[in-house]
Every structure is written in structure tokens, then in C-alpha cells.
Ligand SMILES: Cc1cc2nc3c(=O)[nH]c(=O)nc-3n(C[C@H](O)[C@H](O)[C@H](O)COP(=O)(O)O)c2cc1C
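Next comes just one chain, in C-alpha cells: the form predicted on its own.
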């Protein structure tokens, strides 16, 4: 008996085209990166075409490329992912909404709360793309003169993941009983205090939002270095990657699957 397999499609958006010169294409919308009406139509068309996810790339700084090249690119302007995807959640019904969230220049509590909120707003369609942010210019936007070393970024990311997922477990299923007769809004026995103390973070918890609809939003990871593959193997349910030929793609797939085992 042949096992039936299903192809899943995700649209890689930023929040429109990823191609730096795509805005010049005939009949394209040159302002698509910051025009919500256009992006809304894109998301609705993708949903109609049965795409599984709208994958929102993000950067925390203008891309560090020569100014003569940068001036020809549409990449310097882009919506903040959670604001955009929350808005798209209200005009779509089924398509997944995956936001990129950096573990290098943010705090786990913020990320956990944002994704839990997006999951509730979208009815259980949120996904977190874990990135460690390699653009050296991003550090200058957060009071740092130098970016973290590659290994430190991934070590921080691994602990960051543990804290975020731990915060998502702050409330058990059906913790909010909302009993009007007794006056009890939640069951204290179903409240969990994380009390995390690690190398990079000290976070007590609990998260001040109900458990995400999915329990945990979908975890996506993008990284092809040795440390990136290890993080993917340990944390991800979907891996964002790109390869120039089938042999390299198969080798990557086998490596990550082997690490996961």
C-alpha cells in the first residue's frame, strides 16, 4: 500500500516580496511593503490557493549593504510582524501566521506573551520562527557596540526557547473556570510558576494571558550552521532552509533528522 503524502505550501513574505528589486516588476505595487490593503489581498489570495502559512521575515535594522545598492531596494521599510499578523488574523480564517521573533534582542516574556496573544486572536494559527539575528547593525539599535558571538547567540536562543515554552505552560487546560456563582475566575491548582534561573535569564512567571489555543504555537527555526542545525533538531517542528541542489538538501534533511533522534 502506497502511503499518501501531502505537500504543504508556505509563502515567504517580508511582508510582500523577498526580492530586493521586486517592486520594479511591471504592474507590481511599489508600496506593497507598507500598504496594508495590498498585503491583505495577498494573504487572502494565498489562503484561497490553500497555502498553509504566511511566513513573515523580519530584520531589526536596515540591511547592511552599500548605500548605492540599498537605495534601489524595497527592504528598508517593513511592518512590525505582530502588528501586521494580528491585523491579517481578522481578515483571514485558515492560513497560518508565522512571525519571526529574535532571541538576541528581546526578552522571553515579551515573545511568549506576543505569540500567545496572536494565537488567541487568530484562533490557533500562530507560529514562531526562532532567529538569532546576525546583522551587526542590529546591535547598534539596542545599545550594544558589538554583536554577540555566534556561539553565544545560539546558547542564549536555546535557553530563550525553554523560557518561552515554559511560560506558555503557565496555565493548564481549562484553568479559567469563570464560575459566576462561586466568584472563582480561575482554578489556582492549574496555575504554574516557572521560576526559571539560568545563565542568560531569570524569569519567575506566570504569563499573564491564558494558555495559547494550540498549547504551544508552531515552532519554526531557520539556521544552517552546526549550531543552527542543533537548535532546529532540539526545538523545531518546521525548519526553514534553502539549498541549491537536491543532494545538499537531502544531506541537510538527514543531518537534522539524525540530530533530532
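Positions refer to the first chain, counted from 1. Just so we're clear, the structure is a prediction, and the values are computed from it rather than from any experiment.
What follows is about the form predicted together with the named molecule, which we do not show.
| said: Given a 4.5 Å cut-off on heavy atoms, tell me which of 206-214, 44-52, 222-230, 188-196 is the interface stretch with the named molecule in the model of the complex. | reply: Among the listed stretches, the partner-contacting one is 222-230.
| said: Please determine whether each residue of 20, 31 and 73 possesses a non-hydrogen atom within 4.5 angstroms of the named molecule in the model of the complex. | reply: No: none of 20, 31 and 73 comes within 4.5 Å of the named molecule in the model of the complex.
| Tell me, which of 77, 141, 94, 134 has a heavy atom within 4.5 angstroms of the named molecule in the model of the complex? | Only one listed residue qualifies here, and that residue is 134.
| task | Would you mind picking the one in 100, 170, 122, 103 that has a heavy atom within 4.5 Å of the named molecule in the model of the complex? | result | That would be 100.
| request: Mark residue 161 yes when one of its heavy atoms lies within 4.5 Å of a heavy atom of the named molecule in the model of the complex, and no otherwise. | output: Flag for residue 161 set to no.
| message | Since only the chain is shown here, I'm wondering whether residue 82 would be in contact with the named molecule in the model of the complex (any heavy atom pair within 4.5 Å). | response | Taking the distances in the model of the complex, the answer for residue 82 is no, it never comes within 4.5 Å of the named molecule.
| query | With the cut-off set at 4.5 Å between non-hydrogen atoms, does residue 59 touch the named molecule in the model of the complex? | reply | Because a heavy atom of residue 59 falls inside 4.5 Å of the named molecule in the model of the complex, the answer is yes.
| Is the gap between residue 115 and the named molecule in the model of the complex 4.5 Å or less for some heavy atom pair? | Outside the cut-off, so no.
| query | Taking heavy atoms and a 4.5 Å limit, what residues of 228-247 are near the named molecule in the model of the complex? | reply | Stretch hits, in order: 228, 240, 241, 242.
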